[in-house]
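Okay, so here's just one chain, in structure tokens, the form predicted alone.
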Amino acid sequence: MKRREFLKVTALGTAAAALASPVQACPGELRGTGDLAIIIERASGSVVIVDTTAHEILHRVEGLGDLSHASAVYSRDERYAFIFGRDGGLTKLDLLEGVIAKRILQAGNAIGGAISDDGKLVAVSNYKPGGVRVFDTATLEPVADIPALYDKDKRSKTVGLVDAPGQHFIFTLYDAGEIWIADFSSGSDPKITRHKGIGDLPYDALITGDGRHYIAGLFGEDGMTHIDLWADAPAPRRILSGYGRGEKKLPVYKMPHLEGWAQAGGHFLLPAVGRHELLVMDAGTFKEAGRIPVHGQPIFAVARPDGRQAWVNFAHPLNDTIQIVDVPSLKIIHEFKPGPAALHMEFSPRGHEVWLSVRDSNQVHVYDTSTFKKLAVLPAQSPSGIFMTARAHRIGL
């Protein structure tokens, strides 16, 4: 085809396409999802959708039920958030339209969830009835029900639910002291691998960003349990056993969240239960490599994406303070008080900013992570979790 003929055909094709699409969106109405985030408003059962570049609120969506311990994951295209409510609600939220696409009540009491690596399955961890339920992400139709049965007919609360490569979900049984791995790679009838006797009262768990290491924290004893998922025969082993041995136990005001862990500079920084310390664990040997005295009982110790810093917040009554650890030196380099109940932190994907919920001030603060300067304040009703869409592309989040 000659060049002139090609141009003529292309022009005709473009004109035809325009006629076939009578409603044309203005360029200003188009947007991506990569800089969006949601903020949980825990007291009002609502969610705020924000533009993290412009530091502005786009939508407030109501009617999501009990969000007192809510978390969220994202679809692979970042358009939809799946929000897990404490009342057992599973809500599919359309970020671009700012509306609820679908909502179901799948249990009586839930604690979080995960999405499979292929984006087709969303799993919910339940306290009541104990177990994990799995749904199709497109429709929220049920795919599988995994009751957490032990001692014949008892049901355990499930915690620490994460995704792992190969359409796997991993979770921990609080009452039974077990870790289960559910393999969905062959379809909707999963193969379940049970690891028993992992320790007393495992309260939460995490998986490393490469999908290799699963670590469960133990409330009933000092220590944690680790599984190397790359091993030929993965098996649990105890780590950091007895880190508080011989010392008087302090009252635990709030259980730390292991999702708020920091892996940086060849170390894990982990909140010590009931102690005013971060545990430093060697990421190669999984042995204790030191401790960092901190302001109070740490709840989250979150690494900046480059691993240079870890930001730490604390349990009541010392929850108005944030401390920042310099990872190379393992020393605190900055401390400030954003306000009462400074609860949750979320870094921008490359770490130039951190978003911080200040629940009892009904505000979310944005800080520059290099200068520690406050950049913005957004109003929010009792804000808690902040979840940016970059999580869609990270294992375990």
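Residue numbers here begin at 1 and follow the sequence given. Computed from a prediction, not measured in an experiment: that's the story for all the values here.
The next section is about a form of this same protein that is not shown, the form predicted in complex with a further copy of the same chain.
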Quiz item: So, H69, H276 and E335: all three within 4.5 Å of a further copy of the same chain in the model of the complex by heavy atoms, or not?
Solution: no
Quiz item: Contact between S370 and a further copy of the same chain in the model of the complex at 4.5 Å, heavy atoms?
Solution: yes
Self-check item: Touches a further copy of the same chain in the model of the complex: P349 (any heavy atom, 4.5 Å)
Solution: yes
Quiz item: Given that the partner is absent here, does R194 sit within 4.5 Å of a further copy of the same chain in the model of the complex, heavy atoms only?
Solution: no
Practice problem: Answer for D117 alone: is it within 4.5 Å of a further copy of the same chain in the model of the complex, judged on heavy atom distances? | Solution: yes
Exercise. Counting non-hydrogen atoms within 4.5 angstroms of a further copy of the same chain in the model of the complex, say which of H295, K157, R103, R79 makes the cut.
Key: R79
Quiz item: Looking at D136, D210, D282, D200, which has any heavy atom no more than 4.5 Å from a further copy of the same chain in the model of the complex?
Solution: D210
Exercise. Within 4.5 Å of a further copy of the same chain in the model of the complex, counting heavy atoms only, one of 285 to 293, 171 to 179, 228 to 236, 105 to 113 shows up; tell me which.
Key: 228 to 236
Quiz item: Quick one: which residues from 148 to 165 get a non-hydrogen atom within 4.5 Å of a further copy of the same chain in the model of the complex?
Solution: D163, P165
